[in-house]
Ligand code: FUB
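Only one chain comes next, encoded as C-alpha cells, the form predicted alone.
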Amino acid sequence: MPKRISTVFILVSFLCCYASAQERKTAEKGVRSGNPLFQGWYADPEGVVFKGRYWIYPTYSAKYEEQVFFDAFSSSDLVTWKKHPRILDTSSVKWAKRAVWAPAIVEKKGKYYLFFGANDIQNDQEKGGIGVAVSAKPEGPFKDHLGKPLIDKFHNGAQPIDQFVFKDKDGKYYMFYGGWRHCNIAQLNDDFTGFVPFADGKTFKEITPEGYVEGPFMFIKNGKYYFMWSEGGWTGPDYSVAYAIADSPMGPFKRIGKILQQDPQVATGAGHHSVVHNEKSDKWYIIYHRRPLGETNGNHRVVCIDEMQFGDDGKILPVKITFEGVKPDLLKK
C-alpha cells in the first residue's frame, strides 16, 4: 500500500474509532436527549431508521403561507441530532403552493419516497391533496415523483392529509390517511404512482375507529397490528394519541384507549406521533409533538421523544411525557 494511501487509511480508521468511542462515552455518562429534541417549531414527526441512523421528518410549524418546505434530522444515538435543511420545498412541487405537512417516508429498492399533504384543500374543486417526492438519499434533495397529487379528492369523507405508508409482512405497501375524522386504507402499486384496487373493486376503504380524528400510524409487534391515531383538536390542550390492536392491517380496529396525552406539569397538546424500534436493544420510542406550557400560539409546537413500553398482555402502557427525554440508544454496537 502506498505511504500516502496508508496514512489516509490510518487517519480515517482513527476518526471512526474516535467517533464510536465518543458515542459509547456519551452513553456511559447517562446523558439524555432532553425535550424538545432540537430547536425550532416543528410538528407531526415521522420517525424511521435508515442506514444505521435514526431519522425524523417533521412539519415546519408556521402559518400555512410560510409552511412550504421540509427539514429533516438524523442521529446515531437519539441524543445528538443533525439538521438537514430544506430537503424538499414547493419550488420542486409546482402544484403545491402552501401548507405542506405531515411527511411520511419509506425506502424501496434504494430510493426514498417522501409522501406529504399540501394546500389544505377543503373540497374536490381545489387543487392539492397528498403528493409524493423521491430521492436517492434520505437527506434529499427530493423531487416531485408525479407532477400532480397522488390523491386529490375526498373519499369516504376523508380529507387527503396525514398519510402514513406501511410495509406489510408480505411486501405490500399500504397507505393510511385522512383528516376530518375519517381514515382510509389503500394499497399502493409497485412504483408508487397509484393504487391497486382491492378484491371487491374498491380502491379506498374506510377503517375509521372510534375517536379517530387524524394522524394514523401502524406497526407490527409479535404478529399483531398496532394501529394508532390522534384525537382532539391540534391547537388545543386535549390533543392525544389512542390505539387499537388487530390481526390484519385492514382491522377491524376496536379502540383500546389513550396512551399519550398532556401533562399540566410538563406540556399540553401531545399528539401526532410516530414510533421507532431499535431491534438490538428491543426498545420502543414514541416521537411526537407538544406545546410548551403557557404557549397560546397554535403553531408553537416542538418535537419530543419518550420511551414506549408494553405490558405482559401486549398492550401499550400510558406514556409519561418528560423534559428529560431518553438515554442514548445506539443502532450499532
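When you see a residue number, it is the position in the sequence shown, counting from 1. Just so it is clear, the structure is predicted and the values come from calculations on it, not from any experiment.
FYI, the form predicted in complex with beta-L-arabinofuranose isn't displayed, but the following is about it.
Enquirer: For the interface check, one of 100-108, 130-138, 146-154, 169-177 should have non-hydrogen atoms within 4.5 Å of beta-L-arabinofuranose in the predicted complex; which one?
Expert: Of the options given, it is 100-108.
Enquirer: What is the one choice in 78, 161, 114, 183 with a heavy atom within 4.5 Å of beta-L-arabinofuranose in the predicted complex?
Expert: Looking at 78, 161, 114, 183 one by one, just 161 meets the 4.5 Å heavy-atom criterion.
Enquirer: Out of 234, 73, 217, 225, which one falls within 4.5 Å of beta-L-arabinofuranose in the predicted complex, going by heavy atoms?
Expert: None of the other options qualify; the answer is 234.
Enquirer: Given that the partner is absent here, does residue 46 sit within 4.5 Å of beta-L-arabinofuranose in the predicted complex, heavy atoms only?
Expert: Output for residue 46 is no: heavy atoms all beyond 4.5 Å of beta-L-arabinofuranose.
Enquirer: Spell out, yes or no, whether the shortest heavy atom distance between residue 272 and beta-L-arabinofuranose in the predicted complex is within 4.5 Å.
Expert: Output for residue 272 is yes: heavy atoms within 4.5 Å of beta-L-arabinofuranose.
Enquirer: Since only the chain is shown here, I'm wondering whether residue 239 would be in contact with beta-L-arabinofuranose in the predicted complex (any heavy atom pair within 4.5 Å).
Expert: Yes.
Enquirer: Considering only heavy atoms, tell me if residue 290 and beta-L-arabinofuranose come within 4.5 Å of each other in the predicted complex.
Expert: No, no contact at 4.5 Å.
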